[in-house]
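Here you get one chain, nothing else, as structure tokens; it is the form predicted on its own.
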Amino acid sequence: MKLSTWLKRNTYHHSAFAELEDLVAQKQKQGLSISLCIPTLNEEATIGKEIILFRSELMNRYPLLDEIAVIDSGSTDDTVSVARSFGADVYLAEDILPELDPKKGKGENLWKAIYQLKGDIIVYIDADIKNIHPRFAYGLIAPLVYRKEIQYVKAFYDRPLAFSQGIRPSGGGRVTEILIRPLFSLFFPELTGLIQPLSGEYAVRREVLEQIPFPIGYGVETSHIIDVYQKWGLTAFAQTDLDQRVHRNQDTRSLGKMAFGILQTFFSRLQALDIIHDKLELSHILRQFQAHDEEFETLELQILEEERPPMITVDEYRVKRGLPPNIDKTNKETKKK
């Protein structure tokens, strides 16, 4: 499929799905269950508002969501108590699959949500959105409900696209525009049609999520895009314009850490796909600088983008889902004996 054709067919505006009664009817007709996952780390200022809005609008008024869950990384503020007080199911990431070595990172929370949550569709929404609105969920869920061939729906916002209300003259994410878009343009040109590949809001079918690995940190969204593209092709993706997202902006140094983690994931994918033929020994140390008067201090940060395997290969998940044992793993263990 040509990129221009895909853009026309698979790019939506959230207003196309504003008839929530019809969306709920279609969901129920197909017998789908839908879970909302909000990964958190110290988000007490915004998490309560998100939960109140989604419960009132998309559970009570329109029963689109069957489950609202917070997966927390170990917040030191009141995120957990606030989330519980407003009726969300709250889980600590370290308590999910406790037999595994604990790891810290947003990707870890997203991965463990596959085990913990029940939905046929899981929609992930960041916890720091100040202008939260039901469209952040239904705008992503709807393409999956209305089109069975769609597998993965990304959000985008604040882009100069023309719709009936005019042109919005705002830019995209900084890491997207200076890192991911150039890399995709070089190595995966078809993926440049994704307007916000690093957006934290997306909805995915369970059978897709359980088959792809998850970097535990900054590289999780990038790996998702590449892995889904390799397994299911560009036609599996759709994207929805959510107009605007107001959130806490990160400083340049934090964006550098993010870019460093993303690059590790990106190069590991290039090697796995044999696009880069030589084995690269990548450093996991990021060096940054900060000034003290006329002196410059070197900061050395270790950022290791570890990955969790596809959830479908985890024995505990297979037992919980009523699946037979992992044949590949059983065969390997038999050969060792």
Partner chain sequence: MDQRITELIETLPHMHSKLKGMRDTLLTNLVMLGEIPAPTFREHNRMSFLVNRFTQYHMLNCSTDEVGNGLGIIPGKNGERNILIVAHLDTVFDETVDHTISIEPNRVKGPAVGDNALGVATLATIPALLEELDIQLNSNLILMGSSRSLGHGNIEGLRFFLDNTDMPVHEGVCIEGVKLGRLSHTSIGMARCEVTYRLPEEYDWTRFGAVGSIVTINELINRILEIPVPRRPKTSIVLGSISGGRSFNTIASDAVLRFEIRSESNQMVHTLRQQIEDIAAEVSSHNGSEVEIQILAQRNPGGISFSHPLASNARAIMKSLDINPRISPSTSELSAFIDHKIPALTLGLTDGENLNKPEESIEIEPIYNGLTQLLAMLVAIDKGYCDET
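Residue numbers count along the first chain shown, from 1. Since the model is a prediction, treat every value here as computed from it, not as a measurement.
Beyond the structure shown, there is the form predicted together with the partner chain, which is absent from this document and is the topic of what follows.
Specify the contacting stretch among 34 to 42, 287 to 295, 300 to 308, 58 to 66, defined as having any heavy atom within 4.5 Å of the partner chain in the model of the complex. After filtering at 4.5 Å, what remains is 58 to 66.
4.5 Å heavy atom contact, residue 252 to the partner chain in the model of the complex: Close contact is absent here: in the model of the complex, residue 252 is far from the partner chain, nothing within 4.5 Å, heavy atoms only.
Applying a 4.5 Å heavy atom distance criterion, does residue 231 contact the partner chain in the model of the complex? Residue 231: no contact with the partner chain in the model of the complex.
Using heavy atoms and a 4.5 Å limit, would one call residue 85 a contact residue for the partner chain in the model of the complex? Heavy-atom contact with the partner chain at 4.5 Å: present for residue 85.
Would residue 130 count as touching the partner chain in the model of the complex under a 4.5 Å heavy atom rule? Yes, residue 130 lies within 4.5 Å of the partner chain in the model of the complex.
Under a 4.5 angstroms heavy atom criterion, identify the one residue in 143, 134, 105, 213 near the partner chain in the model of the complex. It is 134.
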